[in-house]
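Next up: just one chain, as structure tokens, the form predicted alone.
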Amino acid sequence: MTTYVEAIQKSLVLPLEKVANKVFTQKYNPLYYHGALPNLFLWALFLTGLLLLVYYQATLSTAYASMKYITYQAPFGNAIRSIHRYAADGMMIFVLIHLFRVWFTDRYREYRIIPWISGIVLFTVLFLVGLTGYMLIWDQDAVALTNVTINLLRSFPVIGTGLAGFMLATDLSGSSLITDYTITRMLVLHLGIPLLMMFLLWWHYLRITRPVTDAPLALVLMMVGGLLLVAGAAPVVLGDMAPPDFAVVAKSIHLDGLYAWPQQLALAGWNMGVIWLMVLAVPVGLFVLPYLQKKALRGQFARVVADNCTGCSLCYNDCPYEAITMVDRNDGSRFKRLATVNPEHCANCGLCVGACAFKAIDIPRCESKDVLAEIEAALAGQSLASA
């Protein structure tokens, strides 16, 4: 493990865990369910999104009116919209916690490369879903967000004009302008991308045999209660109580910085090229991160002591990385099965060593006899200290 990771763990991760343990207890510490809680918010988004879709009308002349009806007239419409908005924030916050915790605990390299890469794709997709969701509100802020986003797309080298054209329509004179198709395309993206997320989640869990996808009921109730509390204390409103004016040039956007920060930088006068460098640097940098460090554990995977293996399958059942398989024996042993290790999947976690009752599996860098010796030495030191 690298020095900077150890420093971050000691100075940041462990102190935060201790504080969270005191507040929530160790059993219900949200930091231990940072990968499961985004799923909770995702289901909240699915449910509230379907309810909002019942009233939403995706045209220039009706989008704002339908949002106004949802917000101020539809039964529980403002509550549902508020829950939808804050669930999106909650999901992004816990995804960021998940990302940083995986990074700080050094669980993104080598055998965890597939969950890391798929997680970065999911993170990028979530950002796009949230961005299109804010555009669908179609108040003055949403119109400004759409215009700035189009300008950002146009500034992208080579393919920028085509990307911007995808969001626009072209009239008979050949000029580009925002039309009904603009909102329709945003709605299709906002609804279609989450369907892609279901496949991405399967890919994300591909190398983990027992992923923690659900938080304990008590923690779920706490998160839902907190979501309802925030939605009730700060219900969402429309940016203006009148249809948006396309002629107004916005100088700022009063929208969530989690999703609209590039557009806010653009309105603040930042160079478009610099903004694109920042936008692309995040996913590209995270993609490259696992490859910047040399594989420290190459060749140090678990190894089976065939003479001691009874074929009990305890190590196979406990391995969370599909690194152990059971095969038929042909070496004349009285036992019928033998555990084998796939080096490409082995995480060097030691769970198999702890599961084995027959000293039939070891990790060369940390053999059982050495671990026992260290434990005995530590216990002896504690005894001397207490005496």
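Bear in mind that the values here come from a model prediction, so they are computed numbers and not experimental data. Residue numbers run from 1 along the displayed sequence.
Separately, the form predicted in complex with a small molecule exists; it is not shown, and the next lines address it.
Judged by heavy atoms within 4.5 Å of the small molecule in the predicted bound form, the contact stretch among the candidates 142 to 150, 267 to 275, 120 to 128, 216 to 224 is 120 to 128. Shown without its partner, this chain lists 154, 84, 112, 185 as candidates; in the predicted bound form, only 112 has a non-hydrogen atom within 4.5 angstroms of the small molecule. With the partner omitted here, the residue from 181, 261, 104, 205 that has a non-hydrogen atom within 4.5 angstroms of the small molecule in the predicted bound form is 205.
Using a 4.5 angstroms limit between non-hydrogen atoms, residue 212 touches the small molecule in the predicted bound form. In the predicted bound form, residue 197 approaches the small molecule with a heavy atom inside 4.5 Å. Interface residue remark: residue 321 is counted as part of the site for the small molecule in the predicted bound form, having a heavy atom within 4.5 Å. Contact annotation for residue 91: at least one heavy atom lies within 4.5 Å of the small molecule in the predicted bound form.
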